[in-house]
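Here you get one chain, nothing else, as structure tokens; it is the form predicted on its own.
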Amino acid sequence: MESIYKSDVVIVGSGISGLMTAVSLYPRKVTLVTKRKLGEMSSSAWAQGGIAASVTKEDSPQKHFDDTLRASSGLSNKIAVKTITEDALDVVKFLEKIGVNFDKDSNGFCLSKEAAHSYRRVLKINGDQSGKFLVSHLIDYARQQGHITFVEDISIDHIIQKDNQCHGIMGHIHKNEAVDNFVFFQSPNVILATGGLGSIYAHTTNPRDVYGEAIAMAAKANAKLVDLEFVQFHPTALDVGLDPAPLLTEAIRGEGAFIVDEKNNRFVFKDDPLGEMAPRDIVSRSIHKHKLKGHSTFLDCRHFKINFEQMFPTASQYLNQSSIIPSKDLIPIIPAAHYHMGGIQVDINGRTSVEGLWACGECSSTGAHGANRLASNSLLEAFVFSKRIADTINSEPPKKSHNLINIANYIPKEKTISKIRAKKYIWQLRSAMNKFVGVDRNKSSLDQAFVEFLRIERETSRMSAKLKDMLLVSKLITFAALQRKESRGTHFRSDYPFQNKELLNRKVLNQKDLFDYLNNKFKEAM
């Protein structure tokens, strides 16, 4: 059974990027498609950090700009950085207008200082619950508008395109993956806002549904991708065996928490004079390296004078569930895949290289974060660029839908492997990514990752759509990591441990580049 819907604009994803784009497109008719119920299982809703914005007299957009550039390891798009830092105050004003209550005291905003920021400039909502409240307010605001149609429980599988023009998207009813339950959304404007890809790694802070599906779809539609090698690992995920690993917000370190080993050594200072407040890539590598030497690693809050539970309710809930008392116990931590600086290449207005296809949020790559994202710039970027996409589309007259091409070409002809077997191979893939394409990489480990990918493909001739997408995204990241023969930002290669000034450029690639590489690799092996 097939269903076909027509719409002027279709948005895929119901996190901050998808919701903000939808409300900003008013009064144009919009269809927003989401895999789960509205707002569920998005990284946005899980975000404990807040929104970075210069709102004090001693701070300024220029200082925020400078900090962002420093963190980016020289690879950011300065126009994108200028755009988000200068528009930050407008984002804050908009959110307050729709009823968002940022944490305040008698002096104004309660601001946190996070790693690599020169000033306290991170606005929070109820301590570490910023993402939850932002998504909730946006959903309420979106439901009040009359121009948005919400379609839930649909997994999108393909972008329908021909001759580099987007015609729409195809998906299936999420709760029923039978081959005869497909849904087609015909539209001249498709906006991808599905989030990042953390769950292709065994250790991640992202929801399990966040595995790079937008990148996989865009790659199959021959869109250009960029900066795929730059995956940011958050240094302080709670290491108690949960999947995903609960995030312990960076603001805890901003309030003075130490990172220590089993002997109470603050070992991060050996790698950077900023210690715990060094950029995330440095702290993550320091912890990873220390663990490889056989040490245990912890967050130490035992000296805190603040009310931990009041300031960090989400972290407190995780710790309570694990029977950890922060005033008495060391908190075990591990680096976990958290944010992807790379993604679908977009211009300053969110356009991809495929006409009619747009992308925003973590699945896109504007260049605002370069090789290493400054903490709490991600939600800011999502708000700023979502509105830019909406303003650009609204500035143009509505487009007529193209004649729909043969959608039968996009319907699978065979049933996929069982879910039990798929879960087995998905876990093997995630483990391989963590081991071979993680915090520390080299040519040998990256080559071994491809060996694992090809083995999984060989043993699963009828892969699930999810496993196919995860494999494609994993291959693309690994391929990009092989091409960048240097260490920069979150991309660290032990065989090329230093930056190379000759490689101070963003690496653009597409699916064909990957296939050409693999074909040549096979020829050499024969």
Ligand code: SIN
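As the structure is a computational prediction, the values presented were derived from the model and not from experiment. Start at 1 and count along the sequence shown; that's the residue number.
The next section is about a form of this same protein that is not shown, the form predicted in complex with the ligand.
Heavy atoms within 4.5 Å of the ligand in the predicted complex are found in exactly one of 477 to 485, 48 to 56, 24 to 32, 493 to 501, that being 48 to 56. Screening R121, R388, H338, R441 for any heavy atom within 4.5 Å of the ligand in the predicted complex leaves a single hit, H338. Between the options T204, T366, S378, T194, the residue in contact with the ligand in the predicted complex by a heavy atom within 4.5 angstroms is S378. Contact with the ligand in the predicted complex holds for none of H158, E213 and K468, as no heavy atom of theirs lies within 4.5 Å. With a 4.5 Å cutoff on heavy atoms, R285 does not count as touching the ligand in the predicted complex; it lies far away. Although the partner is absent here, L247 sits close enough that one of its heavy atoms falls within 4.5 Å of the ligand in the predicted complex. By the criterion of a heavy atom within 4.5 Å, E114 is counted among the residues contacting the ligand in the predicted complex.
At a distance threshold of 4.5 angstroms between non-hydrogen atoms, H167 is out of contact with the ligand in the predicted complex. Looking at 277 to 302, the one residue that comes within 4.5 Å of the ligand in the predicted complex, counting any heavy atom, is R280.
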